Ligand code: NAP
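Quick setup: one chain, the form predicted on its own, written in structure tokens, and binding and motion questions come after.
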Amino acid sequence: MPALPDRVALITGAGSGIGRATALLFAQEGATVVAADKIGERAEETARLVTEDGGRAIGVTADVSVAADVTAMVEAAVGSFGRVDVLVNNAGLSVGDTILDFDEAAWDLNLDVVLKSVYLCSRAVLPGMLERKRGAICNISSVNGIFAVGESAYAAAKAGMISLTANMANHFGKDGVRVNCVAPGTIRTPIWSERLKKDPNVFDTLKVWYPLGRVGEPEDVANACLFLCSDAAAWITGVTLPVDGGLTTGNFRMNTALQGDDA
């Protein structure tokens, strides 16, 4: 039996990477997909891939940091499929590293796209979920929101997402709405394309940090989202699940050095 039978799932940032992998997986598991992306061609491409695989989907162009775009996006979903049962807040970006490296506009951009978008999108779909006494929201945070690994503005926004997840879960659980979060580590997505041009071996360099010996794939995160949005997680809300190959268990490189080569 599919994990998301007859559910309508709205996924932001669905034009590539984690968002696209999540859209394809959810469709394979019975969901009707609304694939939203700031770049409309990417959203439409994801929707096309879903329909070619036998699923139902539409692509929607939306900048989820803009309230009017979010309203139009949710109206398109409801107009096409009647409701939104599942929301995956995946859209994001990262600009700058330390607070001396970026200006106020870059700070605002990180907070708007990463955190404000979760507020706007969740606020737009929650009334329908509360009316039906059922819904699932999954927010894509990051290990950057759990401990310090750079990208200060992005990390602050991702940490805020974790707190917002807990608060929404606490407020709306009594009405049948579950809100959870996943915190990925390094994931092999198109966001790394420029870095790969400069350093084709960057993933081999990074994998030494991970106890499982590799960086993640978009499907690793998609599978975690599927579980948290499905009825298999019916008694789980307010959690932040690291999907990080063990990175947050500790400093793997330091532990290896302390234990010696034979550890």
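Residue indices: 1-based, along the sequence shown. The model shown is predicted, which means the values in this text are computed figures rather than measured ones.
A second form of this protein, the form predicted together with the ligand, is not displayed here; the remarks below concern that form.
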Notebook entry, point to check: Of A136, I187, V74, M168, which residue is found within 4.5 angstroms of the ligand in the predicted complex when only non-hydrogen atoms are counted?
Noted result: I187
Next item on the list: Give a yes or no on whether every one of I39, V64 and L93 sits within 4.5 angstroms of the ligand in the predicted complex by heavy atom.
Entry: yes
Notebook entry, point to check: Using a 4.5 Å heavy atom cut-off, which stretch among 124-132, 99-107, 85-93, 169-177 contacts the ligand in the predicted complex?
Noted result: 85-93
Margin query: Can you work out whether G17 and the ligand are in contact in the predicted complex, taking contact to mean some heavy atom pair no more than 4.5 Å apart?
Written below: yes
Checklist line | Contact flag, I140 vs the ligand in the predicted complex, heavy atom cut 4.5 Å | finding: yes
Next item on the list: Answer yes if any heavy atom of W192 is within 4.5 Å of a heavy atom of the ligand in the predicted complex; otherwise answer no.
Entry: yes
Check: Heavy atom to heavy atom, is L120 within 4.5 Å of the ligand in the predicted complex?
Finding: no
